[in-house]
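Next up: just one chain, as structure tokens, the form predicted on its own.
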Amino acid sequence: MPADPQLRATGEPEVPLRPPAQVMRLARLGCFFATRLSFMPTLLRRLGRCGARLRYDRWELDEEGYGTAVLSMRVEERTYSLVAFSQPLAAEARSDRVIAEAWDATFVLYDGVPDPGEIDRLAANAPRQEAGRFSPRDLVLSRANKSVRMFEHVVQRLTAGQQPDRDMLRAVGYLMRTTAVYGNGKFGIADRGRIADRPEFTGAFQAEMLAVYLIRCFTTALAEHVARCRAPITAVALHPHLKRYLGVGNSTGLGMAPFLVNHPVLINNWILARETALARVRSLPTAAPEDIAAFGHLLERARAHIAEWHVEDRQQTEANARLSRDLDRLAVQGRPEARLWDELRPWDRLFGWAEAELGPEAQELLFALMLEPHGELVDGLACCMTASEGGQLDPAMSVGALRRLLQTHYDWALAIDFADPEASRVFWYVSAEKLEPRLGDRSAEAGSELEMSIAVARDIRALAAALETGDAQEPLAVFLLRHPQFRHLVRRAQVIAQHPYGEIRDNLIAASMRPIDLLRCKLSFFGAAKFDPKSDRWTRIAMYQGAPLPEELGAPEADTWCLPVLAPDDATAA
């Protein structure tokens, strides 16, 4: 069991954690939903507790909304500023690809409040993004493009003194979408070590999530600004509920997928915290009436949320249809008067029923719903979701011990028949032209000799075969003198033995592999919603949709924004 004191804070859960063999499969990871442990809600709870408030230190935008803005927020003992640059963008230059060279807006999350000289420096570099030069005061680098039709519709309606059309809001859900959010020392910005010990950034990706939250604030303020400039007398502001419903879009492709393979300790800690939270709730001997009521309310909201989640992807559409049917059954099983609430460990009984009766999408959504009423029990686990990717190779381990380790933790890989060409049909590589990860067809395309180290299952099979030629008592130090190509795999296997949730237990070069499952897993930890796959290799998402506005942070209802639903017309009448 985990040694981290926070994971033991309430005692070991009586219900065991789901095993890695069940959780770490692509078909399961590709069904994950955001939970209250995801990085966005974790940040907003912290902002609410410390009384964070937003201010506009600079707003120098022309009538079309082009210019410079600085949005600042004091968090704990420090102030952080989003420095935003809005500029015209020709239609032919508009692209969500990471290799684009121009955007509607570019951003830097700055450590402190920039003076005029720093703003001039950023103005010369931020619009260039990767090609710019940055300093350790620059914490996060990002850029975004307008959803042109949605942005113009909102501006036109506000200009005329009206609120936006709800059908359009449901269909899109954001005014801008980011195409990259860079942190952790990329392109010369601040290294993670510079801010890692700051309490406001305890946990994973908190600086990046703060940047995205401030970008959301900027996008709605930008639309209102343009509307006021067009019609100073008749223009109105967005209704708070509609402004709350608008999040930040994001386009994410294959570039995110290798992260889950390359950071096994970190991924283990993310999943371990998540599974520990579920086990804690399942171990509760009884269910409080207020928690049952809160669960029922959340379930009804989830059903409405799923009804608003429309995508073009056939597979996700079919999954959503089954999810909707499963939630209907769950509503009957978990109704307030159901007998299960009077039995021992009712949450465990409910989840056990779902595992037997419902599909994986419904099971994972139920997972998220069960955590929501139990913040006091699970929220502290968010502090455990970081890691130093350490783990030294143990050269004294014997060949026989490593064989046994592989049989225990990599039995799934050893069972794959790589003599079948379909088992190694695809290969991952970095495009020299586009500088992005790509998938190639090994049977039809050249370049497999340049593939990335993603084929863990195949490589473990090769390691296992080589181990069979060695003496079981031989130290690995001697074995690796003969087979140095396996050094990184030996270290990985030893790390996974201590961090079993760190390995995806599927063949990532199989013809049937769907990268979208990797993307959804990682994005769910950020807190993303309404996954909109455009193929099995990239997706659009919504971030912070339904989240509290800056002036609402810290309010009692500010922590209940998951699974947002658009209010009926009469709730937002101007």
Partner chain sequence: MRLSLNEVETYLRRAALGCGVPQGYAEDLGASAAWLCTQGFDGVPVVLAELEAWSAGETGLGRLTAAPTPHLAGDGAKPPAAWHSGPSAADLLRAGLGPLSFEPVVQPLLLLAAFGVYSAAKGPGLLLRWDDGTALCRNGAAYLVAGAWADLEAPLPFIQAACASPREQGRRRALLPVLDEGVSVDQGVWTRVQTLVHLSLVPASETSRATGAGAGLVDAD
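Numbering follows the first chain given and starts at 1. The model shown is predicted, which means the values in this text are computed figures rather than measured ones.
Another form, the form predicted together with the partner chain, is not on view; read the next lines as being about it.
J.: Give a yes or no on whether each residue among Pro484, Arg487 and Lys534 has a heavy atom within 4.5 Å of the partner chain in the model of the complex.
T.: Yes: Pro484, Arg487 and Lys534 each sit within 4.5 Å of the partner chain in the model of the complex.
J.: Should Ile189 be counted as a contact of the partner chain in the model of the complex, where contact means heavy atoms within 4.5 Å?
T.: Close contact exists here: in the model of the complex, Ile189 approaches the partner chain to within 4.5 Å, heavy atoms only.
J.: Can you tell me whether Arg540 touches the partner chain? I mean in the model of the complex, with a 4.5 angstroms heavy atom cut-off.
T.: Heavy-atom contact with the partner chain at 4.5 Å: present for Arg540.
J.: Would Asp411 sit within 4.5 Å of the partner chain in the model of the complex, counting heavy atoms only?
T.: Asp411: no contact with the partner chain in the model of the complex.
J.: Might Ala446 be said to contact the partner chain in the model of the complex, defining contact as any heavy atom within 4.5 Å?
T.: Heavy-atom contact with the partner chain at 4.5 Å: present for Ala446.
J.: Only one of Pro395, Gly380, Gly359, Gly470 gets a heavy atom within 4.5 Å of the partner chain in the model of the complex. Which one?
T.: In short, Pro395.
J.: Could you work out which of Arg121, His374, Arg194, Arg74 is the residue within 4.5 angstroms of the partner chain in the model of the complex, going by heavy atoms?
T.: When the partner chain is considered in the model of the complex, the option within 4.5 Å is Arg194.
J.: So which of 266 to 274, 300 to 308, 337 to 345, 177 to 185 is the stretch with heavy atoms within 4.5 Å of the partner chain in the model of the complex?
T.: Contact criterion met by 177 to 185 only.
J.: Any residue of 469 to 483 with a heavy atom within 4.5 Å of the partner chain in the model of the complex counts; write them all down in order.
T.: Pro475, Ala477, Val478, Leu480, Leu481 sit within 4.5 Å of the partner.
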